[in-house]
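Read the single chain below, which is given as structure tokens and is the form predicted on its own.
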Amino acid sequence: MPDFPKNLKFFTPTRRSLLKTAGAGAVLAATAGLPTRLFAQEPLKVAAVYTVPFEQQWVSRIHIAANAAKDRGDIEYTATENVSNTDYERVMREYCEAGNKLILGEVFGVEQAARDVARDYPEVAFLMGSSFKEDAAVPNFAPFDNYIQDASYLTGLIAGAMTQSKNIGMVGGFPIPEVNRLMHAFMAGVRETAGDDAKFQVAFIGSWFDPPKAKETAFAQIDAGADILYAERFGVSDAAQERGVLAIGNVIDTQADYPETVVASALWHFEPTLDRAIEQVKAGSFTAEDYGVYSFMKEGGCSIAPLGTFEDKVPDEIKALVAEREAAIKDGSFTVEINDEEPKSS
């Protein structure tokens, strides 16, 4: 803090006095060595529309990042959870009418309706989870996705080293690119350490949030010989825990809940994606671009969770390999393939 002269007097200006002496204020600031920006920029009004509960893995990461931006004063944030696809457009429009300048959400089931809303509110920025790319015809609509294939590949290296049966169960929500690319990256890692003869059981439950169904599907895979499960959905790790097999987490770290079950997890960090959007909206330069790239490991958008309770159970040579590949991914000398095709059981 600078040392101010003892005889310098401070006062609280009224709105009228500020309006009358706006020009003089800048001069006084300059002569006193104070910054010319006397007042912080107003927080950006941001709203989010989610089709699932806040605690669902994918949405929880967006919600955490938005609340972090709110806590540091960058945004005002409000959100609605469990919005049905049939009601999604209405809620989007209500948030636009309420003066929000940035709308977040996931529009995998309402793609066309969401882009129609964006066309009707050109002064509002839309940052939406989507399987489709940006469209110059809708310049205020930018898609994102959790491209965390880098971290998924690393967990595959670990899973391949931990399986004894070389039979891996994989339970996902829907076979869309956002899920497919993570599964393929995981499978590539498994094959690298377990061998090309590793077997995969792949199933999709047709829901983003149905833990009981995911659990039953996982039970069937365990009964068919799987000794490690890829838990793309909630419910899978519960099945693994009950049957005494291992699991690999996705998007969030659940090892604290399953300390003897969840070996490793691929974590998604939405902060780089959201911070980029906030910056662009405040600068008046937000436009249609693919925000998916901000989920890459080199951008800080994903990471592998600490091994925690499995630190001494994963072979040292595998930990060394993971560290080597992680460094190579970050410096660009190793690239994890992005494969959006639907994975099949082998």
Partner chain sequence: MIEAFEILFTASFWVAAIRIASPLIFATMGELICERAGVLNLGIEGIMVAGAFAGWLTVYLGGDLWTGVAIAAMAGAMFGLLHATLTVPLGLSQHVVGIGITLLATSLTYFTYRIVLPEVTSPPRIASFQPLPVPVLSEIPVLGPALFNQTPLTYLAFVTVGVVAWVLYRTPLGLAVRAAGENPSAVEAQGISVTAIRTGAVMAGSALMAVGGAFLTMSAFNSFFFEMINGRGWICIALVVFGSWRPGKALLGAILFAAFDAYQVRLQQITGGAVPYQLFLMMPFVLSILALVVMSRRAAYPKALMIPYQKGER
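These numbers come from a predicted model, not from an experiment. Positions refer to the first chain, counted from 1.
Below, we refer to the form predicted together with the partner chain, which is not included among the displayed structures.
*Asks:* Is it true that G292, E299 and E326 each have at least one non-hydrogen atom within 4.5 Å of the partner chain in the predicted bound form?
*Replies:* No, none of G292, E299 and E326 comes within 4.5 Å of the partner chain in the predicted bound form.
*Asks:* Does Y88 make contact with the partner chain in the predicted bound form, using a 4.5 Å heavy atom cut-off?
*Replies:* Taking the distances in the predicted bound form, the answer for Y88 is no, it never comes within 4.5 Å of the partner chain.
*Asks:* Give a yes/no on whether Q201 approaches the partner chain to within 4.5 Å in the predicted bound form, heavy atoms considered.
*Replies:* Heavy-atom contact with the partner chain at 4.5 Å: present for Q201.
*Asks:* Is D238 part of the interface with the partner chain in the predicted bound form - any heavy atom within 4.5 Å?
*Replies:* Heavy-atom contact with the partner chain at 4.5 Å: present for D238.
*Asks:* Evaluate S207 for contact with the partner chain in the predicted bound form, applying a 4.5 angstroms cut-off between non-hydrogen atoms, and reply yes or no.
*Replies:* Yes, S207 sits close enough to the partner chain in the predicted bound form that at least one of its heavy atoms falls within 4.5 Å.
*Asks:* Among the candidate stretches 88-96, 173-181, 272-280, 105-113, which one is within 4.5 Å of the partner chain in the predicted bound form when only heavy atoms are counted?
*Replies:* Going by heavy atoms within 4.5 Å, the stretch is 173-181.
*Asks:* Of the residues E260, D257, D135, E76, which one places a heavy atom within 4.5 Å of the partner chain in the predicted bound form?
*Replies:* Exactly one residue meets the criterion: D257.
*Asks:* Where, within 45-67, is there a heavy atom within 4.5 Å of the partner chain in the predicted bound form? Residue list please.
*Replies:* P53, F54, E55, S60, H63, in sequence order.
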